[in-house]
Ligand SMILES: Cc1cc2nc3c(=O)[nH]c(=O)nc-3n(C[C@H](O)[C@H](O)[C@H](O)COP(=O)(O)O)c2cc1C
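The chain that follows stands alone, in the form predicted alone, written as structure tokens.
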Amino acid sequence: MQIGKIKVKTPIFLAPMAGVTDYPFRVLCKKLGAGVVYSEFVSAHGIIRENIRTHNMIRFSEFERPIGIQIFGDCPEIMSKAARMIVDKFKPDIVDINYGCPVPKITRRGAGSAALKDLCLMDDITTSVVEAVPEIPVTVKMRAGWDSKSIVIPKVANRLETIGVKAITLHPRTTKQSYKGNADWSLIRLLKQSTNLPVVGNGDIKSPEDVLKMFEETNCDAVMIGRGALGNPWFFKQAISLYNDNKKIDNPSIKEKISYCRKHFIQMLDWYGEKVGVNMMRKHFGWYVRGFEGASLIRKSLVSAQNKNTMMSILDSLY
């Protein structure tokens, strides 16, 4: 597939996830085959204020290309300035606008999926970003609507296409659903039928087989993996093998899973330093050891460990 002038080799993407898709995790997923990776979503206000933490969330390596930086905000002027700053300073391949976050602390400010309640505001924000960075593709990640009575698919597709958006990712739940209930994949198919833009499907991809199923059921151009990759970066290698060659790759052994976990931990320490890296890695440990015998005790020991040496010793003992 192609997003603007960006040619995408593998149509299986890593979704932007707050507190998860930082540099260490993106690199690991990229090494295992993710076609496009996305940053955590970052605040447009934080960008233009040159908040150090916000700017650190945007930093990436050449190895990660093609990479998208996702931004959120409720003001067209601020979003425009933020997009321009990102492109000038960091030069990503894609700028993605977040119209999908259902978290109340974001939607209360009119950002994220709150824009689905005011399509004129969505138009204004999108137009301002597209016009600010004409040299790179602008994409959108969105939900199906605010609630079940206000599904905005497919009418939004025509508006975004006219404005100049180059691809749409759809998570087919409403804001009110949050992450509950089932993602309605038929809405992804409806979106695909309603636009000439590339459509990326997202939601309820729990196994590599689900990737093929979404392609078949929706005719989407790419599939975006979110929660299925947590503690499971080899998901991409498995999904790509099925997609390209129809070959199933077995799940890694416990030894291999621990090896991936150690690599991730080392990257976290290198990127953040020991104090922050140790704290940031705690949630990932819980995801990596899911399904292990005695997983709850292992998770508890890793999460309660106070330094990197203790954590590494626990991981080594699992071999």
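One rule holds for the numbers: they count along the sequence shown, beginning at 1. Keep in mind that this is a model prediction, so the values were computed, not measured.
There is another form of the same protein, the form predicted in complex with the named molecule; it is not shown, and what comes next is about it.
- The shortest heavy atom separation between Met17 and the named molecule in the predicted bound form is within 4.5 Å.
- The named molecule is not drawn, but in the predicted bound form it has a heavy atom within 4.5 Å of Ile225.
- The shortest heavy atom separation between Phe41 and the named molecule in the predicted bound form is within 4.5 Å.
- Mapping the unseen interface onto this chain, Asp204 counts among the residues with a heavy atom inside 4.5 Å of the named molecule in the predicted bound form.
- You can rule out all but one of 290-298, 247-255, 46-54, 33-41: in the predicted bound form, only 33-41 has residues with a heavy atom within 4.5 Å of the named molecule.
- Residue-level contacts in the predicted bound form: of Thr218, Thr126, Asn98, Thr174, one residue has a heavy atom within 4.5 Å of the named molecule, and it is Asn98.
- Contacts to the named molecule in the predicted bound form (heavy atom within 4.5 Å) from stretch 111-148: Lys141 only.
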